[in-house]
Ligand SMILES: Cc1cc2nc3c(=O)[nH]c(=O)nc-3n(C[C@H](O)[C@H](O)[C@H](O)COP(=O)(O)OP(=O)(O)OC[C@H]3O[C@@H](n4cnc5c(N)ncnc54)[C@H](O)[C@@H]3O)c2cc1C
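This document starts with one chain, in the form predicted alone, laid out as structure tokens.
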Amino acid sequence: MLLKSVEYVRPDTVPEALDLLRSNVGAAPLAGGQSLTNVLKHRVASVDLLVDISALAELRSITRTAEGVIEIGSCVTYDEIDHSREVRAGHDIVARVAAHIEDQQIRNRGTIGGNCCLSDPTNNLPPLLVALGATMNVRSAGGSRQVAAEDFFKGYFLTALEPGELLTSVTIPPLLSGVGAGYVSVSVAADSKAIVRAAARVEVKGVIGEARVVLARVASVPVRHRGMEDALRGAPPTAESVRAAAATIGNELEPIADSHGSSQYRREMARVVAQRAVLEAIAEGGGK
């Protein structure tokens, strides 16, 4: 199915893009277009004006501070993340996840900003960014603000972005000594959508300190499981402790059922992937 006729503009600066988004009610930003183009082709939604932000240099940079904080522009592609020395230097897990999103053609065009702003529960990066404690940097014609990743995703295809706002970059805090991250998915096939996934960030200093455990595909947004996090805190970093903590994941989850898995199956697999993600994070942190 072909696209309906739509106006297209390619601004030269971020302020110009923001002004276009503010002054045109039916305007939408276009980055990689891997999702938006299909949405428009299938008539799921329509826009009056496409504001192409893909070439704006300010949105395409990756910077790493001396303290290890990484900032990734919203129009940086998955492939660029995968091959970035700055990302690999201190946030290798982000590069590894980006390297396995769909196929190479999609990785060449798809962007971190598009992946997040679509807020599709099947997307790879949102649960990882929540687990890593990332901050979403948002701008409008009236100013800028920061939104914690766990507050950014509001529901199916819904984010904290207001009309006229643009996600300009994502800031990820450093993974310091003794802190590791893990990411595990169960998928129908290697290149298909996940049935359930988990991401974890765990601090180990003799015992487990701060821990973040995030589940995806069990709700409309990535879910931090506070019960498992509380059970991990102060426990020894052993498989037995992690297994016991994962047992706190129970019937409070109400994942959807579909042709690939029932709600009960997803609940049971959530415990499995959560354990694996935490153990991966512990192993990574212990290697620093």
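Since the model is a prediction, treat every value here as computed from it, not as a measurement. Each residue number is its position in the shown sequence, starting from 1.
The form predicted in complex with the ligand exists for this protein as well; it is not shown, and the discussion that follows is about that form.
Under a 4.5 angstroms non-hydrogen atom cutoff, the ligand in the predicted complex has Gly32 among its neighbouring residues. The ligand is not drawn, but in the predicted complex it has no heavy atom within 4.5 Å of Ser177. Within this chain, Phe153 is remote from the site of the ligand in the predicted complex, having no heavy atom within 4.5 Å. With a 4.5 Å cutoff on heavy atoms, Ala235 does not count as touching the ligand in the predicted complex; it lies far away.
For the ligand in the predicted complex, the listed stretch (110 to 118, 128 to 136, 206 to 214, 79 to 87) containing residues with heavy atoms inside 4.5 Å is 110 to 118. Contact check at 4.5 Å (heavy atoms) against the ligand in the predicted complex: all three of Ile53, Ile101 and Lys193 pass. Distance criterion of 4.5 Å from any heavy atom to the ligand in the predicted complex singles out Ile106 from the list Ile106, Val147, Val184, Ala141. Residue in contact with the ligand in the predicted complex (any heavy atom within 4.5 Å), chosen from Ala244, Leu36, Leu253, Ile62: Leu36. If you take 250 to 266 and check each residue for a heavy atom within 4.5 Å of the ligand in the predicted complex, you get nothing at all.
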